[in-house]
Structures are given as C-alpha cells and as structure tokens.
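Read the single chain below, which is given as structure tokens and is the form predicted alone.
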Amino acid sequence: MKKLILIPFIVLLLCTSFAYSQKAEGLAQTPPMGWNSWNTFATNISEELVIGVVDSMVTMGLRDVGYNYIVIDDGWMMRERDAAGNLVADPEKFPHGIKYLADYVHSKGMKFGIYNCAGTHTCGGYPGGRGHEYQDALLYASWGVDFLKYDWCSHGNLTSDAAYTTMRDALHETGRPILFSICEWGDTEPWLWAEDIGHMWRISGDIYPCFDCEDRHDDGLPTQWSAWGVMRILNMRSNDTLRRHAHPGAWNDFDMMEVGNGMSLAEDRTHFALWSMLASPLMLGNDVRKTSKQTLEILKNKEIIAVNQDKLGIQAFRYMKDGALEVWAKPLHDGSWALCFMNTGSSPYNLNFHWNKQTIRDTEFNKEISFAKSIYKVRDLYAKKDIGTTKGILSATIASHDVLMVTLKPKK
C-alpha cells in the first residue's frame, strides 16, 4: 500500500522538477554587456568584420570594462538548411565556419553569441528555428555558442511563451550554459512570463538612432516591424509594471545601443546614461573599428557602467517630470543612489535643485532617501569629479537633450 502511494508522489515530484525553469542558472547576474552586429551592418556581416570588431574592442579597452559578448545577428546562414536539416553558415561570409569564429572570440577572453528566430524564417528571410529547436541547440553548443538571441518573425500561430519555452528546454538539454535573449518586441508583455524562460527580453520595437522621433517603418521588412527612437522606448516602456520584473538573472532589454551611430554627442550621453540607469543590457551597436575618441569616452565610463552593473539590480524610475526636466532615480546596493537629470527640451535648462525639499521614495522596492535627514556627497559621473554635497543647492546648465548624471553617497 505504501509503495502505491509513494510511486505517484515520486512521479509527481519528477514531473514538477522537470517543468521548473530550465534556463541556465548563474548567468546575467548583472545586465549583459557586449556588441551586436545588427544596428550598423544588418545582414551584411562577415568573419573579417567580426574579427576586426573583436580586435578593436580589445585594443580600445572595451573588453576590459565589461563588454564581453560578441553577437552576430541575422544573415550568418545559408538560405536553406542542408539535407540533414542543419543550419549552414554562409561560406562566403564565414569561410572558416562558425566554430572557428567562436574559438577566436574565446581566445580573446570574450564570449560568442548567435542569432535565430522562433518562427519558420528569420526577419531577413533565412531559416528560422521552428521545428528544429533541439537540433539547432545541439549545433550551437557544438560550436561553443554562449549567447542566443531569438527573434519573433514568421511565427504564425505560435504562442510566444510556449515557443520560447521550447527553445529554452532545447538549450538546457545541450548541457552548455547559454544565455537566452528573447527578442519578442514586447508584443505579448514578456516581462510577465519570461523570467523563468530567458535571461533578458526585448520590450519594444527595434531601436534606431534618433532621440525623439516617431516610429519608422521600412520597405522590405515585415509589416509588423517598426523602429523606435530613444525617447519613444523610454516613454512607452519604462514603468513600474516592467521594472518590478527586472532583477539579477532576468532583465528588461531596451534594445542595443545607438551610441556612435549619428545622434549628437549630448544625445549619445543621454542614451548611455538612461540605459545604464534602467539596468538594460549594454550591447554596442556601432562600428567599433571606427569609434571616435568622444564616443569611446562615453562607452568606457566606468562610473556609469558601475551604475548599470550594480549588484542590487534595481531598474531606475522617473522620480520627477517638470517641463523639459526629467529626474530619474536608481537605488544602489551600498545605500547610495544614482540620479539622472535629463533635459528633453530644445534649449539649455538652468537647474536649481533644492536637495532639502526632496525625499525620493521607491515604493516598489521600499527604498527611500531623505536629504533633510542626511547629507550625501554628490559626484558628477561624466565630469568624473565631486561637486559638493546635498547640504546646498545643485545648480547646473544642462544642454538640450543632455544629462547631468550623479551618484549620492552618504557623507561619513
């Protein structure tokens, strides 16, 4: 009698364990950082290009400040699978194959990522993963893939959470820890279901290098595809409903960065500061080989990167909006805070911020900072210098579309 009772219990336990999250554990404890080929090169990628980017990231010091994932996006494969149903790298673009490239990336102390799609075809019309998930996962693992970006084109009647769960389970079966990046564009609110499936999930349409433009639609791309400017993504997707789901191992992905891709220097600074405040993955999207000194100074700012990589893992929230001024706040693990003062207007903004009149409360995570009770040291992260304390008034002129980003540390 006891055996009859015990056996169903064991079966239930095993089934429950198997159904539990099988995404690779221990990855993305802070927002992933790296480079992706799409924003600049779309499907015009090659082995030579990627190796050149890797070498530049090493020599420019980008790897050493944390940008360690090298991800090739759409267009790396042939238009058809081989007779066995395997994906095949385009021999003209990647003459030595994908494993060779992954090995090269690994030899430089970095990690290698690849792209595919949950549907029958990728957004560029190449073979998608539908029906081949386990076969593809084994192939990726055999190549030494560390990161998979999985898109959402040509998905037909697929249910998003089920489709991505299938790929998650396929990756788990390989035994290789592969970071799973869900690129579903926020259509079915992945922040509500993706936490146990992937390590990061896109929350918007594709970004493009425009600070405050409306959606852009391009001919030749899927009808549902649209590109969003920086402020469009910020205003549509930076709310408490999303931020409560971001934490170590699971991140809202505000998309790859456009720093160095044609916006003004002020807009690049703002873009980088905001993505860092929002605990978004920091994936470079520019041609790193041609990075200017000014762009490099933004991307290598260790103090701003530290805000993004803070181990508490809390996403910033909009504390204040007053005309052209927005103030974003982010609590940090050591009791410090980061604040970002952004000028969204077309003219310079004269800031006079009275600290003693402010109490910043993060009700979602039960954090508070009161300047009437304690004094904090103020540090300007772009200027890389201390600029006083919260005992007085913070006065500054912020250029159009620019930011003043500071950290506040308790004064001992």
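The model shown is predicted, which means the values in this text are computed figures rather than measured ones. Start at 1 and count along the sequence shown; that's the residue number.
Just so you know, the form predicted in complex with a small molecule exists too; it's not on screen, but the next bit is about it.
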| query | finding |
| --- | --- |
| Full three-residue contact with the small molecule in the model of the complex, heavy atom 4.5 Å, for A338, E368 and K409 | no |
| Residue stretch of 138 to 146, 329 to 337, 71 to 79, 303 to 311 approaching the small molecule in the model of the complex, non-hydrogen atom distance within 4.5 Å | 71 to 79 |
| Y67, heavy atom within 4.5 angstroms of the small molecule in the model of the complex | no |
| 4.5 angstroms heavy atom contact with the small molecule in the model of the complex for R168 | no |
| In the model of the complex, D151 touching the small molecule (heavy atom, 4.5 Å) | yes |
| Contact flag, Y115 vs the small molecule in the model of the complex, heavy atom cut 4.5 Å | yes |
| Proximity to the small molecule in the model of the complex, single hit among W185, Y319, W191, F211 (heavy atom within 4.5 Å) | W185 |
| Contacting member of L299, M342, L274, M256, with respect to the small molecule in the model of the complex [4.5 Å, heavy atom] | M256 |
